[in-house]
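Listed next as structure tokens is one chain, alone, in the form predicted on its own.
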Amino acid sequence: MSLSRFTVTGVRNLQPVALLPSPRINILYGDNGSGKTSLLEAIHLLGLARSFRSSRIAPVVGHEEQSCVLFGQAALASGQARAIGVSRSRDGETVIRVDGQNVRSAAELADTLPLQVINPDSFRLLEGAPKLRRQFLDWGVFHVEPRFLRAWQRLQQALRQRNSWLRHGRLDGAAQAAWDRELELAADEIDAYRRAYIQALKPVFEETLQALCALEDLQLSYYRGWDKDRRLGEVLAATLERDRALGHTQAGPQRADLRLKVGGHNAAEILSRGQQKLVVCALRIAQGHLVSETKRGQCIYLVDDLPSELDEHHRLALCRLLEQLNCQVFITCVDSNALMEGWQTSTPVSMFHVEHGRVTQTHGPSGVNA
């Protein structure tokens, strides 16, 4: 799938924007601070109703604006079109519309417009908290396993009930046992989906990484969040007093993690910043391949400052991998010449100059002057 049309109003320093992007490669170039990353942020808002740069909406809404409004026409893999609109106001009100109908959950947005972000902060996936790696893992499972969302919702409800009981003790023994059982059932289902996903991801990741760089002894493994040799129900019973003292549940899928190690050591402690970025790129591109294989459409990739921390050799290798995905890509850079090469002549490439929040198309698909 791809965005065939995209409009933006009220996002940071961007002037009202109307784009007709290429279905394949779109290069956004301009000086630092011109608004390139804000344009990627706007696409992210359209796909997830939230920013990848800020947890608060206030900094995202443009100065003297009361809200930001995004609209996109998505071309689906089936050949159908879908209209998507998102409005976020400073006071936190969110309106999501898909094909003219209000949508209550951002999950439908995410399902319609799968987005992957690769930016200079991508290395945080390796050195950051386990929550970031769980989000990465669950993004992939959500897009390839339709039953995952319901299981995840059941897990969240059971966790809320159990944690409330741990803090306040307002459930009787039968109710507590029932919620523990529901938690265990949802946990086992989620664990099965995650395991199947990792099994499919690993060979694709390894092949993708090999195309980017040679890293010996890099191992990707999955920790499910509790003892691999014990049922979750047994673990919950054994750790009950500790959970009550802490006021929340320690074991379960909410503690899962992806672990990447080199020679038995945490990869983030061994690899250079550039190597970490290549590993993360390989992980995200591998996810894109799996989404495509489900025949539910391809991801849209938002790649911010691609030349950063990558030499020409690795930059060209990454461009080739993105091109092979046969999906839509938006890439930002300061110097357009840095990304002019690396694409096949048959690949549609559009270029957009961003200056003081204004976006101007300078070349149409396949390098034809607009």
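Just count from 1 along the sequence shown to find any residue number. The structure displayed is predicted, hence computed values, not measured ones.
Keep in mind that the form predicted in complex with a small molecule is not shown, yet the notes after this line are about it.
Trainee: Flag residue 31 as yes or no: does it have a non-hydrogen atom within 4.5 angstroms of any non-hydrogen atom of the small molecule in the predicted bound form?
Mentor: Residue 31: yes, in contact with the small molecule in the predicted bound form.
Trainee: Is it the case that residue 47, even though its partner is missing from this view, gets within 4.5 Å of the small molecule in the predicted bound form, heavy atoms only?
Mentor: Although the small molecule is absent here, residue 47 would stay clear of it in the predicted bound form, with no heavy atoms inside 4.5 Å.
Trainee: With the partner left out of view, is residue 60 within 4.5 angstroms of the small molecule in the predicted bound form by any non-hydrogen atom?
Mentor: Residue-level check for residue 60: yes, a contact with the small molecule.
Trainee: Taking heavy atoms only, is residue 15 within 4.5 angstroms of the small molecule in the predicted bound form?
Mentor: Contact check for residue 15: no, nothing within 4.5 Å of the small molecule in the predicted bound form.
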